[in-house]
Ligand SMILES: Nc1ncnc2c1ncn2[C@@H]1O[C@H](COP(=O)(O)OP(=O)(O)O)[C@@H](O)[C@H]1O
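Okay, here we've got a single chain as structure tokens, the form predicted alone, with questions on binding and movement later.
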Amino acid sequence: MSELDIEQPEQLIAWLRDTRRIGVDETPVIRVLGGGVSNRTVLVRRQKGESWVLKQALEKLRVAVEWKCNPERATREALGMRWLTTLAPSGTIPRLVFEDPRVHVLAMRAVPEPHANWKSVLLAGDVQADHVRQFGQLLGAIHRQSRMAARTLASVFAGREFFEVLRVEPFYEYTATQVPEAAGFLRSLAALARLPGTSLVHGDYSPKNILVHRGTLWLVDHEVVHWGDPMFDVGFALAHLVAKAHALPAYREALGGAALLFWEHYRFATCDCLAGGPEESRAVRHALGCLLARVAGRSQVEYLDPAAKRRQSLIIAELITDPPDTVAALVDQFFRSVQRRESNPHADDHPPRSA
């Protein structure tokens, strides 16, 4: 069944039976899960036994512009899940149940109900310090523990082809073609992302990929995991928190504070000497690049309106002329610029200085 579409319940159930993953008279309840652009994702709720989430990697991603990636990345995600369960704190990575490379499908144990997507929680204005603490400590644990197994993991996860296609090209290279004044800065970030690595990098560490069950964070979606620069993960995560703060003036202080708290707990979970050093500066640069990519790249956030996207693009183009060196400076300068431009909307009519 090479043309399997797991979003078609009859097809999926027939395939699960044919491959003996469920009994011939078992009819699970199938529910299509939304939110992702690179995979078909469904919940398989079985009458007896554990429930599963199945993912099927797509070759053509569900975005407005042309964007393709080899669906064999499902195999990389399965590999990532196997290792992450040994690196991350217990009970934070769903267990891999099976994979089938022939149809680019993997299955994981479903996170117990009830749970909520942390992105949705944050966008509703529910910013809890303990969630932010876990967010920082979970990433810090993955980076720290992977360094201890560097001799093995550096070779196991050496390939970066999926990271290149799903992150470096769409976030940095493509955005450079859309925002010419930032092209030099973005291409320097692409070069940084391609340097020899120092730890396992998740590559998609954002609130969208966090589920909250009974106060505990679970991390999902690992298809671009690779051995690389851990500061990409930090910058990527910071960009998501800062962009949400930009989108939600009523919760801006809380979400801006969450970005600072995330960094604080991350660095304590890895090494306190990160503060104020080259690693922090690199994380800030990646955050700036991701903030620009999320309003001008291939994969743009849906919660900023066109005026806010333009404002964010102009602010980042301005900041990269003299990038802040610390997370605190990034948050302070970004929101000072937001406030200034919100109070004077006509400021957005003027082009930014060239980078």
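From a predicted model like this one, the values you see are computed outputs, not experimental measurements. The first residue of the sequence shown is number 1, and the count goes up from there.
The form predicted together with the named molecule is left out here; the points below concern that form.
Stretch 50-58 is the answer when you ask which of 283-291, 50-58, 305-313, 323-331 has residues with heavy atoms within 4.5 Å of the named molecule in the predicted complex. Taking a 4.5 Å heavy atom cutoff to the named molecule in the predicted complex, the contact residue among V97, A190, V111, V121 is V111.
Out of the listed residues R194, R82, R147, K208, K208 is the one that sits within 4.5 Å of the named molecule in the predicted complex by at least one heavy atom.
Contact annotation for L138: none of its heavy atoms lies within 4.5 Å of the named molecule in the predicted complex. In the predicted complex, the named molecule sits beyond 4.5 Å of every heavy atom of D233. Although the partner is absent from this view, V65 stays clear of the named molecule in the predicted complex, with no non-hydrogen atom inside 4.5 angstroms.
N117 belongs to the set of residues with a heavy atom inside 4.5 Å of the named molecule in the predicted complex. If you check the named molecule in the predicted complex, you find a heavy atom from every one of L33, T41 and V220 within 4.5 Å.
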